[in-house]
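Next up: just one chain, as C-alpha cells, the form predicted alone.
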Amino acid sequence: MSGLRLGSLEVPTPVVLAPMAGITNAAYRRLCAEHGAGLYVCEMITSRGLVEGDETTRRMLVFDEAEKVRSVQLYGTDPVYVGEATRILCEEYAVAHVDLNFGCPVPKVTRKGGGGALPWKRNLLGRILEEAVAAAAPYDVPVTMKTRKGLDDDHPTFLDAGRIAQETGVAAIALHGRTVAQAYSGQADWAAIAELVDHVDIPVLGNGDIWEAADALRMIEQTGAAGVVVGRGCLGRPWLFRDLAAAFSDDGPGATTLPTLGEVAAMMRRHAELLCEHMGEERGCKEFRKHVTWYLKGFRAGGELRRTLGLVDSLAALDRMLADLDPAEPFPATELGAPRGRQGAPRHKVVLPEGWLDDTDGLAGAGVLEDVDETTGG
C-alpha cells in the first residue's frame, strides 16, 4: 500500500510510533528511525506546562539532529491553552505534526476529565480541536487526534469523536481499540476500528495488539485503516520498524529475519550511546536500565547478568557486560506475537469528575481541569 498523507505531510510508510512517557525520547525515536521509515512522535507534553514555561515540559521537547520531521503529542483540557500550545510548537519548535491525546486511561488524568474521559464532552472536544487546527493552520501543520472506543462498553465515544474530528478539520484520527476501563488489558477490538473507517472520510489509524509486522498487515486488511500506530510492540524491539517498512513496501513482506542475541546486543549498545549523547553518560545509562528487560525478554541471559545490566552506569561497563552474552543465540520464537509492556487488569469503574456522565455536551470544567505534571499516553 502507499504511504500516509496527513494534510500536507507525506509519511512514506503508514506507521506511527506511539508516544510513550519515559520511552519515546529523542534517542529512542532516532533508534527506531534508523531501522525503518514512518512517523515518530515525541513523548506527550501538557499544553498548560508548555504555555506557562514549565521546565520539565520544555526539557522534553528535544529533537535529534537527524529528526527532519518533528512530531509532538499534546495533552490538554482547555481549548485556549491547547490552541496557544499548538502555536508555540509550530512557531518556536518548528514541528511538522501535532497529535492531541484523548486516549490516556490513567486515573490521575481521567479524574480531571482529560485523556480518554474528555470525548464524552462533545462540545468541549470540538472546541479544543477547533482551537488547535486554527492555531496550526498558518504554519500548514496537520493536527491529528488519538482516542479510545469509549469510557467503557456502556459509554462509547469513538463515532462521535470521529465525526467531530472531521467537522473541525483534523487531518486523521487514531483509534485504540480498547475502552478507558480496559486500559491495556484484554484484546483490542479491531471491529471498532473498521466501524470508524466506514463512519468518516478522514484517514483512520488503527492501534492495539500490533506485536509483529504481520499483525499490522492483518489490521489494515480487516479494518481498511489508512495506517497503524505501534506502541508496546516495539519495546526492546526497534527492528520492528524494519519489518514494518518491509511489510508495507512494494515488494511485500517477504520472510522476517529475526535478530540473534549478538545483533540485539548491538542495538542495546546503540540505544545507550544515543541516550548518552542526548543526556550525558550518567543519566543516559540510568535511562537505559529500564529497557534491559525488554531487550532480553525470552533470551537465556542469566539472572546475575540481567541484574548487573539493570545497574549499568557507564558505556564501558555496558560493553563488558554485553560481551558476556552469547552472540549466536537465536531470537526466542516463543516471544513472537506475545504482548509486551504493561497489561494489567480492567478497571471496574473509570475515575471521572463528579457528575461527568450527566451531560455529554457541556463545557463543564474547561480551564480548570488540567495539571502541569507530565503523564503517560494512551
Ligand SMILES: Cc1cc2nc3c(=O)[nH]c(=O)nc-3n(C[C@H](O)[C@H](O)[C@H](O)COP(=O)(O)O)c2cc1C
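Don't overthink the numbering: it's just position in the shown sequence, from 1. Computed from a predicted model, the values in this text were never measured in an experiment.
Keep in mind that the form predicted in complex with the named molecule is not shown, yet the notes after this line are about it.
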- Message: Given the stretches 150-158, 202-210, 261-269, 276-284, which is the single one in contact with the named molecule in the predicted complex, using a heavy atom cutoff of 4.5 Å?
- Response: 202-210
- Query: Considering the named molecule in the predicted complex, which of 125, 229, 225, 292 comes within 4.5 Å of it through any heavy atom?
  - Reply: 229
- Task: Could you confirm whether residue 299 comes within 4.5 Å of the named molecule in the predicted complex, counting heavy atoms only?
- Result: no
- Task: Classify residue 182 as contacting or not contacting the named molecule in the predicted complex by the rule of any non-hydrogen atom within 4.5 angstroms, answering yes or no.
- Result: no
- Evaluate residue 101 for contact with the named molecule in the predicted complex, applying a 4.5 angstroms cut-off between non-hydrogen atoms, and reply yes or no. yes
- Can any non-hydrogen atom of residue 21 be found within 4.5 angstroms of the named molecule in the predicted complex? yes
- Going by heavy atoms, what in 63-85 lies within 4.5 angstroms of the named molecule in the predicted complex? 73
